[in-house]
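As a starting point, one isolated chain is supplied in structure tokens, in the form predicted alone.
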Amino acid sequence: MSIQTSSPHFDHLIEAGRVHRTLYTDGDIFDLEMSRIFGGTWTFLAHASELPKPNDFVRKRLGKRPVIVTRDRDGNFHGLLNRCTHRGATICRHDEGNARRFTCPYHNWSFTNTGDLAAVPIEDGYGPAFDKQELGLGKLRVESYRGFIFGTFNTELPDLKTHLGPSAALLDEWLDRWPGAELQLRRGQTKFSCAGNWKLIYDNAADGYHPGYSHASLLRMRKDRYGGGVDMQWALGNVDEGLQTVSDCGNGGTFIDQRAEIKRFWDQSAPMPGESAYERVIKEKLGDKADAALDVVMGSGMNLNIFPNLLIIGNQIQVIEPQSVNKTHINWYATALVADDLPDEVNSLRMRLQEDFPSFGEPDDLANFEECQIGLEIEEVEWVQTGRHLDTGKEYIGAKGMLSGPVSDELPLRVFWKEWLKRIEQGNLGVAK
């Protein structure tokens, strides 16, 4: 199947230091994004730990498309369009499971978990020209990097690791905080529904300008209770005088690095209920290695954003699921580190961390996303500003050759829109083989 759509131009809506409000409010633009961006570039689908065994599957979305991500009997991953090639019904109606085949409930056409059409009831009714090999499920091009499974219809993109560029090395640093440990997404998600455009969430993920204002009540409460130096208090005041940075990772990827502000992750964390008992057990079990283990309980000080839908924040994963031009689902996944030399108590504390920022900080962000969407509907004020530090001379080539700047720099917004324009104007290069 090949889809070609004429390519309108949008560069008049994206200027050096501002973008037009309709990019967030126009339903036609949203529909093009779902076709050309989600699936037009490498797009995050699932994590390997969500389908650990042969023949496991999970049901996901790619833009508006329902897809099934499967692991076949040999351990290979596949991305399949959840659409029977007979009449169009979805063939998988469960969020997860284990199946060698998917059978459409409508007329019982049956497909393997690699997408081939395996069986058709009363097949001789189709005559001699009927060819099952031509009627398999639509398939994505799928690759994974260290457990992160991505899919695309675009056959012209380079391999996934090349596409990720510096983001791959940053992902390594995030994953290797405890050498040899395997990252697992633990069952269940913290689900948020936001009455705002999906790009507002991506904009915010590398916005180092907002925490001291949007989350002021949370940060000041911590400072009053626990004293200076506790988690994220470096976001208060003039953050450009601090040590945090933002960077361009290429292909729309962006990064906030807070690590220079953190000397000991555990010591600078806000207390969690019941942490003393867990801490005592971890120290009893690990002795000299306990301090290092306690450090991996806490957020990594890294916000790594992989265009267009994967946000790695602290030690959690956030996945953006656009629903409509003004509605977005945001799924937070807690992560566990599994290693023979890492006790379960470490992951118990990592789970408790879900009660911290996702519970207290994310509502601040959601309120602002939704109020932005309301404000952006005003026709008479047309532009959104993206030019902070564009011309102050503060940007430089930093680690890994990335263009970097002070943490309040709106460089990440400009990086996003550069990639967005490239993908939206290339047309739909989609081929579902």
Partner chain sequence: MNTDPMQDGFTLEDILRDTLESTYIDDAYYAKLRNDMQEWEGCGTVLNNEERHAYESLILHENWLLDRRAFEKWYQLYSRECVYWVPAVGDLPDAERADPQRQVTIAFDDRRRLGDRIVWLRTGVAYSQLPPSYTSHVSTAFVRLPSENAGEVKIRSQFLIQEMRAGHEIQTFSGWMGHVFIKEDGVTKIARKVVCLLDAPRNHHNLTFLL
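Residue numbers count along the first chain shown, from 1. The structure presented is a predicted model; accordingly, all values stated were derived computationally and were not measured.
There is another form of the same protein, the form predicted together with its partner chain; it is not shown, and what comes next is about it.
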The chain here is shown without its partner chain. Which stretch in 169-177, 208-216, 245-253, 152-160 comes within 4.5 angstroms of it in the model of the complex, by heavy atom distance?
208-216
With heavy atoms only and a cut-off of 4.5 Å, decide whether Asn76 touches its partner chain in the model of the complex.
no
Partner contact for Pro273 in the model of the complex: its partner chain, 4.5 angstroms, heavy atom:
yes
Does its partner chain get within 4.5 angstroms of any non-hydrogen atom of Asp391 in the model of the complex?
no
Taking any heavy atom pair closer than or equal to 4.5 Å as contact, tell me whether Asp116 reaches its partner chain in the model of the complex.
no
Among Arg146, Arg259, Arg220, Arg93, which has at least one heavy atom within 4.5 Å of its partner chain in the model of the complex?
Arg220
Counting non-hydrogen atoms within 4.5 angstroms of its partner chain in the model of the complex, say which of Arg87, Arg101, Arg264, Lys191 makes the cut.
Lys191
Taking a heavy atom within 4.5 Å as contact, would all three of Asn331, Ser348 and Pro363 count as contacting its partner chain in the model of the complex?
yes
